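Taking the form predicted on its own, here's one chain by itself in structure tokens.
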């Protein structure tokens, strides 16, 4: 075991009646929750994590559907905080699948002895701030209660799964599930008539895999997406050794790019090179693995305008080349949003699925789903008989997991009420009226762990600063919160992520206010902003 563990402080929790007492309460035991638990323990805090699932992993616990895998390079996604961990773990594929990802996070939990600090099967129902005692009290669905000075919500960016409120949804006689709650025992799909509702990133992975075994597959598509070839493959032993040696350079590169990926944009404009040179670059990148064709292209491809449309048409033609039926191909060609305005799904043979005789694509924008029947799905045009229905219908992103709990701050105000028109925070981390509450689920819209690790470090150091300097509470000033919210609005108007109706702005959830749910800034800009705040004595925060 690492030396740090041998000197880790023992938990200081005590019993106060039937309420456990800790310094820090952490909601979630996924990527950010595990690292938060490690960091706070190393800083001498007693900490307890509460996890809805029966095991660690968060996203990589719940999303066990066929085909689930990274779209970031595996060796850039893992934790960087432990040199020992980096040297011990072998990534088997360029883009690791869910079973290996879950094993990795279990390995981390065991290596650093985190599991004993986690209460599993504990769905948190409420979090209430006691103003007199200056403590947060949480209560789980089974009535368990705990109190702590600080509350950390590591509940995930995309964890609140969303199933549309279709009429008759419970009338269906066969098995059904959402991809984000795939049964641990799996689903028997071989030889069945299966319907998949949705064609986003999750569906693209799922459909490609299950099309190999089902008797018939009906795909209900509302929005066509730009999907790029993943080009996954095993990592050789020689490559793994090279990765180990090069970890410092790998992480340095990730820290310098806007989305914390390895890939850097070409500083040239697509419009300043000849059409032949531009097309040659498009073709070269098309053959590369992962996001390089998205994030390693001419810089103005990721800006609204002529260059973006030029590359979008290149993408559309690639789809047309791969789908034999011209009518089906046109259904799969995105025409209602700009390339890059939604996160790019990566695929491994997705478009070829629609060349199979046992696969049917249904346009539910043209003929909407009217209801779920006992025997399948009824649209405005027809009824489709199915044995199994799978909802790949996305997530109530960022704020969804927070809003599904009762989080009550000063004066009885709930976070759900405060966020009704969009999140009002300072740097996405804290909100006025909710002292000592740190919301770190909006850590990143890029390479998640690379952006989440520095944020967890910043939050834990902030909490240590509050403790070590004798303060009782920290929360933003109203001016800093108002200024940040305005920055998100104004900065968001200039970026691609706000130009489409996607989860980035909550547009996939009926009734949810349209508002950019993450910062409009790059990862380096956010780190610099947080560092400046610290350098100026936690400027923008009110310390009591």
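From a predicted model like this one, the values you see are computed outputs, not experimental measurements. Positions refer to the first chain, counted from 1.
Keep in mind that the form predicted in complex with a small molecule is missing from the display, and what follows is about it.
The chain is drawn here without the small molecule; in the predicted complex, the stretch among 215 to 223, 376 to 384, 455 to 463, 432 to 440 whose residues come within 4.5 Å of it by any heavy atom is 215 to 223. Contact annotation: residue 164 falls within 4.5 Å of the small molecule in the predicted complex, judged by heavy atom distances. Heavy atoms of residue 395 reach within 4.5 Å of the small molecule in the predicted complex, making it an interface residue.
Residue contact with the small molecule in the predicted complex: residue 473 places no heavy atom within 4.5 Å of it. Interface membership of residue 365, defined by any non-hydrogen atom within 4.5 Å of the small molecule in the predicted complex, is confirmed. Contact with the small molecule in the predicted complex, defined as a heavy atom within 4.5 Å, holds for exactly one of 425, 74, 399, 205, namely 205.
Residue in contact with the small molecule in the predicted complex (any heavy atom within 4.5 Å), chosen from 485, 508, 498, 46: 508.
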